[in-house]
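Starting off, we have a lone chain in the form predicted alone, written out as structure tokens.
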């Protein structure tokens, strides 16, 4: 399952696996794919350094990458001075904080213990935090830097290129893909509407060939709604040079989900059990539909705040929901492919299924074309 891009990166299969879990990312790389570690949850540089050290020790010298989140627009104070986290926190309206308190009280969600810090802080959405992550990452032999919110700033692209690191950017439309190409990135990840996390409004079957045509000869990775070898074959037939898979790894044995109840919800969910909501970060992101997303999407409520305010607003609430496994509110970003995620398997087993499905699809097409 090789393409020009996979050969360039020295991987056996053109499968790029995004995950927040180092054990999963390393297993993807060892299985012959390209593991990409998500950095957004790392608020302390030493924690990222620890896990990149671990990746170095568990990837057998094979390539891997890092995914950061650098918003296209910074939150700035008057005079174009970047705000601190405390400054941003102060911008959150009291009515929104009251809405969070009322929603948690309605579901009897316990408080965190005295002195217990929120374990879910997405300050990584803020550019200055992501830059700190990059200061760590560039000391490691990563081969790919991906940005989940479009093209990174020009100086970051230049810095990556000086380290001989390819730069990828996620795009939800052909227009976005062209902007990324103009910014000097190396790979476009065409992420369809079906994908987990931040997505646009165009489905993968439409978006992939549009992006391929828009940025040729730059390589395009297809993302969104892909969870079988047959779907990988379809993506490559549409012109992609690989696939970008994220949701599929959440129920793998190596994943470190914080909650057994959440794993069970994912295993039981169908493809119609997700929703594209701003409840988590302030930008539309596909996730499990829960009573938490329903509350934020209710027109009678105050509505989500823009990024990064929403993420800071709900950080403690999400930590409490996760810690106490409050089932009606418990969710996670995940794509519509969740309907196929109905058993716990190792990363290696997932890879075996993907490669077998790919071979079946190629055989089928060859028979149709009279080549078998």
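Positions refer to the first chain, counted from 1. Note that this is a predicted model, so its numbers are computed, not measured.
Beyond what is shown, the protein has a form predicted together with a small molecule; the following relates to that form.
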- [ ] Although the small molecule is absent from this view, report whether residue 195 comes within 4.5 Å of it in the model of the complex, heavy atoms only.
- [x] yes
- [ ] Answer with yes or no whether residue 208 is in contact with the small molecule in the model of the complex, where contact means some heavy atom within 4.5 Å.
- [x] no
Open item on the list: Taking the small molecule as it sits in the model of the complex, is residue 35 in contact with it (heavy atom to heavy atom, 4.5 Å or less)?
Closed with: no
TODO: Please check if residue 246 has a heavy atom lying within 4.5 Å of any heavy atom of the small molecule in the model of the complex.
DONE: yes
Open item on the list: If the cut-off is 4.5 angstroms on heavy atoms, which of these, 250, 187, 212, 279, is the one near the small molecule in the model of the complex?
Closed with: 250
TODO: Report the residue, out of 334, 321, 347, 48, that has at least one non-hydrogen atom within 4.5 angstroms of the small molecule in the model of the complex.
DONE: 334
Open item on the list: Just to confirm the contact call: exactly one of 177-185, 153-161, 237-245, 102-110 touches the small molecule in the model of the complex at a 4.5 Å heavy atom cutoff, so which is it?
Closed with: 237-245
